[in-house]
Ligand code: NDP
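One chain comes next, on its own, written as C-alpha cells: the form predicted on its own.
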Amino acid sequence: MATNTVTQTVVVTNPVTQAVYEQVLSRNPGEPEFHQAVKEVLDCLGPVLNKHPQYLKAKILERLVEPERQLIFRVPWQDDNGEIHINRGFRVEFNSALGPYKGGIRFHPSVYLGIIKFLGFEQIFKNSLTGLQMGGAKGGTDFDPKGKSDSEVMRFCQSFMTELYRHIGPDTDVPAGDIGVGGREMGFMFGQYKRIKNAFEGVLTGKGLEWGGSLVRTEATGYGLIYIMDELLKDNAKSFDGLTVSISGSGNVAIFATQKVQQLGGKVITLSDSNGFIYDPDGVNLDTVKQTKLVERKRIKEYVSIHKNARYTEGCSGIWNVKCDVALPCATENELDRHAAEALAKNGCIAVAEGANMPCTPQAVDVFHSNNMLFVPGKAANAGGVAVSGLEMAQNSQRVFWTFEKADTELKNIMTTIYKNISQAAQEYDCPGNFVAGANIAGFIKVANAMLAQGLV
C-alpha cells in the first residue's frame, strides 16, 4: 500500500517511560549518544505499553536499558620501536533474549563506553528485526589502526583478544567487524582466539572466505540498504531508475550501495570521506572509487584528478546541499542535522535511509516527517550487515559454504521482510509511514515477548 503522508511519531506521555529515561540519564552521565538512542525507542512505545500492560508489570523497559554485562579492560601492546602503549577495550553484552550476543568491534580513537552502549542498544532491535537468533552487543577500543604497521596491528589485536576470548564463543557472543576492523584485524583476532582455545569455531563473523567467511558479507550493508529502500520506493509507485542519489562515506557501505543503485538504474552523484566530498554530475565512476579507496587507500579527493567534471569540497557538511532525489548517509553518527535536512527538503529530496548507525539527528528526522519525506532508520536500513553475519554463523554451524547467489537471495528476503514488518507495525499502532516508530515497535515486541517467556533473568 502506498504511503503518501508520513504520520509523526505518537509520543504518548507515560510515567513509566519518563521514569526509565530519567534513570538512564542518572545512571549513565556524559553518554549523549546512548541517551539519544534510548529516548528514540522510549518515545515510540507509549501505544505498545497501553496495549500490553504485561510489559510494565514485568519491568521490561527497566531491564532492557540496563546491559546484562559491561566489560572494560586494559590492552597493553608494543610498537615497532619497542615503546609500550596502553589502550582501553570494551564489550557491552546488552541483551541475549533472542540468541547469542551479536555486534561489531570498533577500533577508533573516539570509542568510549557511551558509544559502545549506544551501538549495543541499537543492535538489540536491529538484530531482532532480521528474524535471526541473535542478541545485541557491541565492542571496541580507542586504538587507532591508521598509520600503524601490520606488525603493530597484529600485536594489538593479539593483546585485545587475549582478554576478550574468555567472554565470547559461538553460543555466547559472536563479534563482527566495524569501523577500523577489516579483514586484517579480524584475521589477527581470530588467529589469537584459535591459538588460545585450541578450537576452530565460528566465534567471529566477517572472516576471510578461506577460513569460514561468507560471500556477500562485504557487500551486505550497502546492498541491504538499497534492497529496503527499493521496497519503500515500490510501495510509493517509484523506483531507483532515473533517480539521482547522494551518498556520504566511501567505505564498503557507500561503495556497495553505489554499486546496487547503479545496477537498478539510479545515478550516484556524491561520496565523501572525513576530509571532504566529491560531486560528479555525470555519476560517480565506481571503478575509480574502488581503486582509490580499496586498493590504493587514498583520500576521496584523488577522484577529481581523473574525472575533470567532478569537483571536490573540503569539509563534509555541504554534501547535503547537493540537489538529489534520494539521500543515503553512510558515514558516521549525527552527520545529518536539521539544517542539512532542511536543505534536502528544499531541494526536493523524496527519501532518506540511514546506511550508518544513527547518522541523522532527531531534529533532522522531525524535518523529514514534517515534509512528508520517506525515511528509514538505521536499525532497519543498515541491518544487512548483521543479517549476513547471522547467515555466516549458520554456515559455520553446518560446516557449509553458500554461493554468492544464495547468500544474496537470503539477504534480499530478510530486508524485504524487515520492510514489511516495520510498515505493518507502524500501521497497527496508528502512525502509518513512520518507520522510526515501526522499527522500534517491531523490534521491541519480539525481544519483550522473549524476555517475558524466559522469566526474571
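Quick note: we count residues from 1 along the sequence shown, nothing fancier. Fair warning: this is a prediction, and the values are worked out from it, not measured in the lab.
This protein has a second form, the form predicted together with this ligand, left out of what is shown; the following refers to that one.
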Which listed residue (T141, S272, T130, S214) meets the criterion of a heavy atom within 4.5 Å of this ligand in the predicted bound form? S272
Could you tell me which one of E152, D280, D178, D325 places a heavy atom within 4.5 Å of this ligand in the predicted bound form? D178
Taking the shortest heavy atom distance, is H108 within 4.5 Å of this ligand in the predicted bound form? yes
Answer for M134 alone: is it within 4.5 Å of this ligand in the predicted bound form, judged on heavy atom distances? no
Please run the contact check for P100 against this ligand in the predicted bound form: heavy atoms, 4.5 angstroms, yes or no? no
Taking 4.5 angstroms as the cut-off for heavy atoms, does K146 touch this ligand in the predicted bound form? yes
For this ligand, considered in the predicted bound form: do all three of K260, G266 and I414 come within 4.5 Å of it, counting heavy atoms only? no
In the predicted bound form, which of 206 to 214, 378 to 386, 193 to 201, 306 to 314 comes within 4.5 Å of this ligand (heavy atoms)? 378 to 386
Partner contacts for 344 to 365, taking this ligand in the predicted bound form and a 4.5 Å heavy atom cut-off: G355, A356, N357
